[in-house]
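This document opens with one chain alone, in structure tokens, the form predicted on its own.
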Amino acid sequence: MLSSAILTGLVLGGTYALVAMGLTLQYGVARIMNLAYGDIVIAASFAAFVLFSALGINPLLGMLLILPLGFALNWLIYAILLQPLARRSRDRGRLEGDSILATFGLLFVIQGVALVIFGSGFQSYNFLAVPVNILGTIVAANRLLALVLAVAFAIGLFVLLTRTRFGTVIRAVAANPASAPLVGVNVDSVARFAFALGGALAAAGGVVISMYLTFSATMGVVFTMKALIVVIMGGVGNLMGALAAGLILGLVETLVSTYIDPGLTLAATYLIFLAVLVVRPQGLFGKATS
């Protein structure tokens, strides 16, 4: 029973981490607090649902279409809606405030379109819902695949950011956007790319979620809040922090739901979040500021 709960928690935590990694990029590099982030996740879930249910396209193959669309959509969102705000708001605090207002409105646009097309009911589809025995513990194959995909995307993003020249540029903009132009870095272009890449990761998270969870058009705000908690717990802009915080959150929620009461999972989430803020305000992997 315990091993099953731990595996389930790791799957859920890996999904949270995958979803939060995209928001880490968007906020850490582009300085955009994207309140519509969770609705991009749900939009990708619906896209995977349509491709599988209507066209019979495997969600793994569907990623080849959904991820580039997620990248392109977020590129356009940044270029049309957010880049003018970034250029006008040279002060970080003002940009965060403006982006919150702008993406709050975008949230309702995406959610409204999803409600018109799909209604307010929950949706799901049957993909790899077969039992797999892992060291005596039975877990659904789709959940195991979700964990593998989350780890694979995390490793891929880590390699991109730490082992490539462009990753170094992204980290430089995240660390000091004011100084980056002094060495020939186009901050606007890097921020736009990072925002779009974050959107592609949101789309990946949406496809993974659709494989083993039910979802609805109004669930976007839930994933936005979970991603924000993970980002802040792990340390803003810290990839490994997001991974660790996501796994912790998934394990806590699953263990509380299994052994105490499902109704207390949200309370446990916020207690862990508050505890981290009290002990380490900069996050688990964040650096203290003087």
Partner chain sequence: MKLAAALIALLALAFVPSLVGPYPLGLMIGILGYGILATAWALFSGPTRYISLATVAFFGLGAYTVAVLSETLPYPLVLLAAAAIGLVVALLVGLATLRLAGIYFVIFTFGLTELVRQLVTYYEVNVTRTLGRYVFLPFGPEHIYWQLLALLAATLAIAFWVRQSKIGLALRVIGDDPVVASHLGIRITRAKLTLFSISAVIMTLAGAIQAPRWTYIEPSIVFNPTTSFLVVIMALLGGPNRLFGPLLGAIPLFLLFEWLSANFPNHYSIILGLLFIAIVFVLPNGVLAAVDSVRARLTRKEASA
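Numbering follows the first chain given and starts at 1. Since the model is a prediction, treat every value here as computed from it, not as a measurement.
The protein also exists as the form predicted in complex with its partner chain; that form is not presented, and the subsequent description refers to it.
Contact with its partner chain in the predicted complex, defined as any heavy atom within 4.5 Å, is confined among 191-199, 107-115, 68-76, 149-157 to 107-115.
Between the options 232, 63, 244, 47, the residue in contact with its partner chain in the predicted complex by a heavy atom within 4.5 angstroms is 232.
In the predicted complex, residue 51 stays away from its partner chain, with no heavy atom inside 4.5 Å. Taking non-hydrogen atoms only, residue 264 approaches its partner chain to within 4.5 angstroms in the predicted complex. Shown alone here, residue 144 lies farther than 4.5 Å from its partner chain in the predicted complex, counting heavy atoms only. For the chain shown alone, residue 228 is a contact residue for its partner chain in the predicted complex, at least one non-hydrogen atom being within 4.5 angstroms.
Taking its partner chain as it sits in the predicted complex, the stretch 254-283 comes within 4.5 angstroms of it through a non-hydrogen atom at 261, 263, 264, 266, 267, 270, 271, 273, 274, 277, 278, 279, 281, 282, 283.
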